Ligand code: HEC
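A single chain comes next, written as structure tokens; it is the form predicted on its own.
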Amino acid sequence: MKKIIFSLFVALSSVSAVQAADANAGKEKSATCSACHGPTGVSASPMFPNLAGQNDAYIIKQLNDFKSGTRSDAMMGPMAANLSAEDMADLAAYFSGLPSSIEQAAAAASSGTSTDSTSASVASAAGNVEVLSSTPAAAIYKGNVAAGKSKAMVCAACHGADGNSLIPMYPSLAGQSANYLAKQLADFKSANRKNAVMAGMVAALTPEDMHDLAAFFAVQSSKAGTGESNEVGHKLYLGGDATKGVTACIACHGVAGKGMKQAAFPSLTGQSQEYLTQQLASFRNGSRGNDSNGIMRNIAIKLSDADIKAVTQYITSLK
């Protein structure tokens, strides 16, 4: 009896949410959904479902289930984790109001246009960014840039179509060292670096896939930092802290935060403060330990919360 009452309560809550939904707000919030589900709610990949024309109550229920863990998915779990009931209702209202895939296909056929373009869908979802698929410096990379572009479609939802993430909790990959990226993918697969989402994403990747993806993201253009500078962080980044035995960040990451590609020291520019803070905290508490010779763990363990806040704030200002 209690289960029946609870089910009725959930159903009524969903109905209330649907009635209060704002489709226009849902359209704005759907930017992060479009890389996988398509900018018009019709996915270009058979891996991901079409949302256009879907029942709004069903969409809300699935998002709630992903958030609660009732429905398990390595990608959707984190995507739904921070959604409020209002967010879910708005997204559901937007997608349910879109023409279904059949209707869109019929409209495209009558107008002589095609909807079967994966690249176009992702480019549109990312705001028509320029995505490179070839490079005259291909010999530098073990991977194939063009092959990496195709394989990177599933990465776009979190990391952006061109490797510049729009979601603060996920890192930007554009312009990153290919050696570094390939190592991280291998570490996620071996569990030397632990992350529930990435573990699922890399499970089927071959070494060739990893090098192709690394080559593709390495030749993309990273975006300059947009954060405000921080004087304390500036001093810590450039000079370290001798009293604590903290090495200056520039030793590995350079004055401009671009890293040292051949040594596989990562670029830091364009990363969000949230992501940088998360990684320093992980190195400090030991939950991340795939740094070469424990370099980052030895530094991070000497940093206070205030140090981390200051230096990550400064890094976000690097161009």
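Rigid core here is just the name for the largest C-alpha set that superposes within 1.5 Å across the two forms. Remember, it's a predicted structure, so these values are computed and weren't measured experimentally. Quick note: we count residues from 1 along the sequence shown, nothing fancier.
Beyond what is shown, the protein has a form predicted together with heme C; the following relates to that form.
Engineer: Taking 4.5 angstroms as the cut-off for heavy atoms, does residue 40 touch heme C in the predicted bound form?
Structural biologist: Answer no; every heavy atom of residue 40 is more than 4.5 Å from heme C in the predicted bound form.
Engineer: Even though the partner isn't displayed, in the predicted bound form is residue 85 close enough to heme C, meaning a heavy atom within 4.5 Å?
Structural biologist: Judged by the heavy-atom cut-off of 4.5 Å, residue 85 is well away from heme C in the predicted bound form.
Engineer: Using the partner position in the predicted bound form, report whether residue 63 sits within 4.5 Å of heme C, counting heavy atoms only.
Structural biologist: Output for residue 63 is yes: heavy atoms within 4.5 Å of heme C.
Engineer: Classify residue 21 as contacting or not contacting heme C in the predicted bound form by the rule of any non-hydrogen atom within 4.5 angstroms, answering yes or no.
Structural biologist: Judged by the heavy-atom cut-off of 4.5 Å, residue 21 is well away from heme C in the predicted bound form.
Engineer: Within 4.5 Å, heavy atoms only, which of 44, 276, 52, 57 is in contact with heme C in the predicted bound form?
Structural biologist: By the 4.5 Å criterion, the partner-contacting residue is 276.
Engineer: Is every one of 145, 232 and 257 within 4.5 Å of heme C in the predicted bound form, counting heavy atoms?
Structural biologist: Not a single residue of the candidate spot has a heavy atom within 4.5 Å of heme C in the predicted bound form.
Engineer: Taking heme C in the predicted bound form, which residues of 209 to 226 have any heavy atom within 4.5 Å of it?
Structural biologist: Result: 213, 217.
Engineer: Return yes or no for residue 270: a CA shift of at least 2 Å between this form and the one not shown, with the rigid core superposed?
Structural biologist: For residue 270, whose C-alpha is compared between this form and the one not shown after core superposition, the shift is less than 2 Å.
Engineer: Aligned on the rigid core, do the two forms place the Cα of residue 62 2 Å or more apart, comparing between this form and the one not shown?
Structural biologist: Yes: residue 62 shifts by at least 2 Å between this form and the one not shown.
Engineer: Does residue 81 show a Cα shift reaching 2 Å between this form and the one not shown after rigid-core superposition?
Structural biologist: Yes, its C-alpha moves 2 Å or more.
Engineer: Hey, the CA atoms of residue 87 and residue 195 end up closer or farther in the predicted bound form than in the shown form, with the change being 3 Å or more?
Structural biologist: Farther apart, by at least 3 Å.
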